[in-house]
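Just the one chain here, laid out as structure tokens, in the form predicted alone.
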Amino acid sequence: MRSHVPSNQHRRRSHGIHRHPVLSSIPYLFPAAVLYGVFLLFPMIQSVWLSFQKWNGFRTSAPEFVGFANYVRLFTADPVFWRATRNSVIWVVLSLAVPMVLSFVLALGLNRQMAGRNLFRSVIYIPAVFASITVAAMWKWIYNPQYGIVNETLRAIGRGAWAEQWLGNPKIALYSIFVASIWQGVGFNMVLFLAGLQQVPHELVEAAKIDGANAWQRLTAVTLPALRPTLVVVIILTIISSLKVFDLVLGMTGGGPAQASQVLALWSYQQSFSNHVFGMGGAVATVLLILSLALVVPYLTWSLRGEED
């Protein structure tokens, strides 16, 4: 019986495939790369390019190169920019502290066997599928000072003195919008945490119980280390979504009152499309991009290094 011996041509073809895995993957990556370049990379580069131009956005006038003049004006003569930066940073900190923790607690509770567990999961997740502008309209009605459900409830329980202009008070407008963002976003992070919790080895949890570890010790010594990849994803997504918050603020206050709830993404939009100074809008967008990279890249690098160690 004659054994099958691969021909030289077949061996060269197989060797070529294994030797150039990148080349063999190009046909699969090319469509996605084109879409990424057209709809993300090109607008990003164009925004950075516009930040060095003076242009009102109309075809009747050509962009004029002004160098770093837009950035100088942004940092020295635009008080709204600093208010927007402060509010964006506050939003990031609050998002990492409140909804993420709440999502984790809800995931821990709904990961247990209980009656109606799937119903509770669905109810909590449903707001995440709503468009942000829809959520803004809904919560704008909830906060209405005359007939909104918040003030009406306070009056009904005899706490009418606590009734507020929730979106009209500069001191609390930003935080009122943030409550709406918690309602919308907590379900999405909860689902991510639930997926991570279901990957925690049950044997490790049972072994910790046998060793006498209480619930807190099992959480800190077993569950959280196993959830590290999920935590990395949730934290990065939370930072990015917090920095680019736009629809909720636009729909509920438009950045008011008196720019008290202004954020960087909305200020970039208003500078470009409302004030028709696309150079300033591009400068704000570029600062927002740099701020995002400054927060996400070091954390991601540290996280990946920790996983390797």
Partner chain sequence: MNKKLAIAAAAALAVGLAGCGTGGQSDVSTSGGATVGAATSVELKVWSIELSDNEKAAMDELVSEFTTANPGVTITIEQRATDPHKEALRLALGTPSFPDIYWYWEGPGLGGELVGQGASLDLTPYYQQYGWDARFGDSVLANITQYGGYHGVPWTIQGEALFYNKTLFDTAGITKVPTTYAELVDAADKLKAAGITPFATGGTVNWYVMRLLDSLIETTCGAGLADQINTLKASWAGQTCVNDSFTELKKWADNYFNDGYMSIDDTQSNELFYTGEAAMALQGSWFDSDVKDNGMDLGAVGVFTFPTGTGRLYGFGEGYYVSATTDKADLAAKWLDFITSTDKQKQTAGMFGALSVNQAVQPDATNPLNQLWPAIFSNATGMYLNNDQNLTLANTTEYWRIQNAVLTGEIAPNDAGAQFQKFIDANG
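Quick caveat: nothing in here was measured; it's all calculated off a predicted structure. Residue numbers count along the first chain shown, from 1.
Keep in mind that the form predicted together with the partner chain is missing from the display, and what follows is about it.
Student: Name the single residue among Q217, Q165, S122, T134 that comes within 4.5 Å of the partner chain in the predicted complex, judging by heavy atoms.
Tutor: Checking each option against the partner chain in the predicted complex, the one that comes within 4.5 Å is Q165.
Student: Out of L154, I236, L194, V222, which one falls within 4.5 Å of the partner chain in the predicted complex, going by heavy atoms?
Tutor: Checking each option against the partner chain in the predicted complex, the one that comes within 4.5 Å is I236.
Student: Please name which of the stretches 111-119, 97-105, 146-154, 209-217 has residues with heavy atoms lying within 4.5 Å of the partner chain in the predicted complex.
Tutor: After filtering at 4.5 Å, what remains is 146-154.
Student: Is it the case that F52, even though its partner is missing from this view, gets within 4.5 Å of the partner chain in the predicted complex, heavy atoms only?
Tutor: Output for F52 is no: heavy atoms all beyond 4.5 Å of the partner chain.
Student: Although the partner isn't part of this model, could you tell me whether L23 comes within 4.5 Å of the partner chain in the predicted complex, counting any heavy atom of the residue?
Tutor: Heavy-atom contact with the partner chain at 4.5 Å: absent for L23.
Student: Give a yes or no for V34: in the predicted complex, does one of its heavy atoms lie within 4.5 Å of a heavy atom belonging to the partner chain?
Tutor: Residue-level check for V34: no, no contact with the partner chain.
Student: Would F65 sit within 4.5 Å of the partner chain in the predicted complex, counting heavy atoms only?
Tutor: Because no heavy atom of F65 falls inside 4.5 Å of the partner chain in the predicted complex, the answer is no.
Student: Are there residues in 281-302 with a heavy atom within 4.5 Å of the partner chain in the predicted complex, and which are they, in order?
Tutor: Contacting residues: A285, L288, L289, S292, L293, V296, L300.
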